[in-house]
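First, one chain by itself: the form predicted alone, in structure tokens.
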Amino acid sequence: MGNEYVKAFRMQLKPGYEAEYKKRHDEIWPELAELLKNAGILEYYIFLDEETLALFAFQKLGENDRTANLASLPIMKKWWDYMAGLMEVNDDNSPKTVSCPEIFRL
């Protein structure tokens, strides 16, 4: 396992875009998937609360975590632009996120 750690955060989907959000992630661009893996993301899950449309994301990160650099990369910005109409976003089209601190692990 090494120096792996986890990061969790919440995002918000806009009403009516559940199927499109899933479709776009099912068809994630191969170059984006590779970029995320190369940034140190070992596992990445996104769950949907169908009642509130909250998206809960969970990432397992390796010791070579370089996710802080992703925001500056053109492919990441292109993905954010592509997804911006489906979810709540910041001025730069990055998803609005709320960090979810870990309170339990088994």
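Counting begins at 1, following the sequence as shown. Keep in mind that what you see is a predicted model, and the values were worked out from it rather than measured.
Keep in mind that the form predicted together with another copy of the chain is not shown, yet the notes after this line are about it.
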Legend entry - Exercise: L70 in contact with another copy of the chain in the model of the complex, heavy atom 4.5 Å: no
Legend entry - Exercise: K22 in contact with another copy of the chain in the model of the complex, heavy atom 4.5 Å: yes
Inset, instruction - Examine K14 and determine whether its closest non-hydrogen atom to another copy of the chain in the model of the complex is within 4.5 angstroms. - result: no
Legend entry - Partner contact for N64 in the model of the complex: another copy of the chain, 4.5 angstroms, heavy atom: no
Inset, instruction - Counting only non-hydrogen atoms and a 4.5 Å cut-off, give the residues of 35-73 close to another copy of the chain in the model of the complex. - result: L36, K37, I41, E43, Y44, Y45, I46, F47, L48, D49, E50, E51, T52, F56, F58, K60
